[in-house]
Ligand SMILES: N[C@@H](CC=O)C(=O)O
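Quick setup: one chain, the form predicted alone, written in structure tokens, and binding and motion questions come after.
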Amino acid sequence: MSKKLQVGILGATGMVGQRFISLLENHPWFEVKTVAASPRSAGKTYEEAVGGRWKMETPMPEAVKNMIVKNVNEVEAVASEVDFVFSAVDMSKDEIKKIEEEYAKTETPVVSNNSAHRWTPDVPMVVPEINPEHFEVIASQKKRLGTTRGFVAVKPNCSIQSYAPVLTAWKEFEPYEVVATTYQAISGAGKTFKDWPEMNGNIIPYIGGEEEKSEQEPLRLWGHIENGEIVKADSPVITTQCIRVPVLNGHTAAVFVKFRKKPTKEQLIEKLTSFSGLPQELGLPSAPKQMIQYLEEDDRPQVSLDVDYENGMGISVGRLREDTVYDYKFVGLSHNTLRGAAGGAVLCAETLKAKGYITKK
């Protein structure tokens, strides 16, 4: 019997499910035991179910090719084989909420990439370097669900990863007003250029629901627990525009900030480069050694040069300068399907294991 925790991937055939599988191929703590997807994929081998839709740069891991895909709706059958699951199911929000809670009620922790539970008051939404203390709300969630071991935890939207950690690093200077425009890669929509040829040489100035997430989710990260629920912070005020651009991986943000306590540029850069949190302290397998790098060159960060910084789990910042309307402006870059999606969820699971929330069944 493997000492590694046995993991199920819900929604294993989609782009984020594939990313989970590639990330977990040689993971020191976790091993993919079960893959589950929609009824139309169930009963096929994973290789057959994915067919020509494998979207990762690396080949499909041999260990999963011949796994028989289970029906994700057969909750007991899937849950019985694993210690916990990652969720990347493609369903309506209400269906996702329901099925993730059904898995939790089988005493199987669920670490979700989906947005459905991000505003459920007793579900922690965590970037482990920013707010790991929010995992404490799990105790209240378990009371509601009637579980001793099962719960749901989520990670936030990919669009906020290139600026929320930066603003967190600067919190002592009290940022109170933020304008951010994000330039978002097509993989954020689960697409490649082969799937979405009309994105070649094109920009679409709309991503459904993204601006509200980009404005509100950072406030939940900076919130606090009160009476068994997460209460979001009330500042800074954030306004955003989210634009789809012809880039495969990497969300870039152009950000303007006003501070109550005006720092120097040198102070701001020092706070960025020294920023770290619990994953760095614990030396978690997926944690970047240095979460934020500052690049001095005028033309950085660039997607082609910087998106894979710290295996796609770090954030690159550049062009920090004083502004004529706001106090400072900068450009941030993060990898949207690594730090922003599956990688962020894997880091959440590692943190949950390290803190004793996820154990062998």
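For every residue, the number given is its place in the sequence shown, counted from 1. Here the structure is a predicted model, which means the values were calculated and not measured.
Here the subject shifts to the form predicted together with the ligand, a form of this protein not shown in this document.
Peer 1: With a 4.5 Å heavy atom cut-off, would you call P165 a contact of the ligand in the predicted complex?
Peer 2: Flag for P165 set to no.
Peer 1: Spell out, yes or no, whether the shortest heavy atom distance between D83 and the ligand in the predicted complex is within 4.5 Å.
Peer 2: D83: no contact with the ligand in the predicted complex.
Peer 1: Give a yes/no on whether V126 approaches the ligand to within 4.5 Å in the predicted complex, heavy atoms considered.
Peer 2: Contact check for V126: no, nothing within 4.5 Å of the ligand in the predicted complex.
Peer 1: Using the partner position in the predicted complex, report whether E210 sits within 4.5 Å of the ligand, counting heavy atoms only.
Peer 2: E210 belongs to the contact set for the ligand.
Peer 1: Which among 156 to 164, 94 to 102, 273 to 281, 129 to 137 is in contact with the ligand in the predicted complex, heavy atoms within 4.5 angstroms?
Peer 2: Selected stretch: 156 to 164.
Peer 1: Considering the ligand in the predicted complex, which of Q184, T108, S286, S112 comes within 4.5 Å of it through any heavy atom?
Peer 2: None of the others qualify; the residue that does is Q184.
Peer 1: So which of I204, A77, A189, L219 reaches within 4.5 angstroms of the ligand in the predicted complex, heavy atom to heavy atom?
Peer 2: Going through each option in turn, the one that passes is A189.
Peer 1: Heavy atoms within 4.5 Å of the ligand in the predicted complex is the criterion; list the residues of 238 to 261 that meet it.
Peer 2: Read in sequence order, the residues that approach the ligand (within 4.5 Å, in the predicted complex) are R244, H251.
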